[in-house]
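We begin with a single chain expressed as structure tokens, specifically the form predicted alone.
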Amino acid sequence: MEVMERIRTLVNENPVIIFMKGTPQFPMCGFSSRASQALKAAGASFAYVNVLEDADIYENLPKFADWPTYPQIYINGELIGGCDITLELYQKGELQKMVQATVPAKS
């Protein structure tokens, strides 16, 4: 499967997904750590992709949504943003609402 189609499938099949450096249990950068912690604190059940273990995704995800940095958080198939935006949404109480409004994954 072509990498862009693989990314599209991951984004569409997971109501909440974070593309990050490392894992939520062992983040490899502070931005990824803070963003995944905000998702957890918002009550999100989320999928993740460790971009450090997938060179194709690491190189191509910035082109997918024209967003140059990591982490990248998608909710209901839409790019929410990176760490700063996610933290801001959490602090305003909006991330929690977005997480609660997630739709089940498409089958």
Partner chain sequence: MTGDRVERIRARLADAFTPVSLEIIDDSHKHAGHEGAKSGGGHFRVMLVANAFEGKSPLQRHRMIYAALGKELEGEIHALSIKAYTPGETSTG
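If you're wondering where the values come from, they're calculated on a predicted model, not measured in any experiment. Numbering follows the first chain given and starts at 1.
If you look for the form predicted in complex with its partner chain, you will not find it shown, but the lines that follow are about it.
Among heavy atoms of Ser45, none comes within 4.5 Å of its partner chain in the predicted bound form. Proximity of Ile80 to its partner chain in the predicted bound form: non-hydrogen atoms within 4.5 Å are present. When contacts are judged by a 4.5 Å heavy atom cut-off, Ala65 counts as touching its partner chain in the predicted bound form.
Interface membership of Met28, defined by any non-hydrogen atom within 4.5 Å of its partner chain in the predicted bound form, is confirmed.
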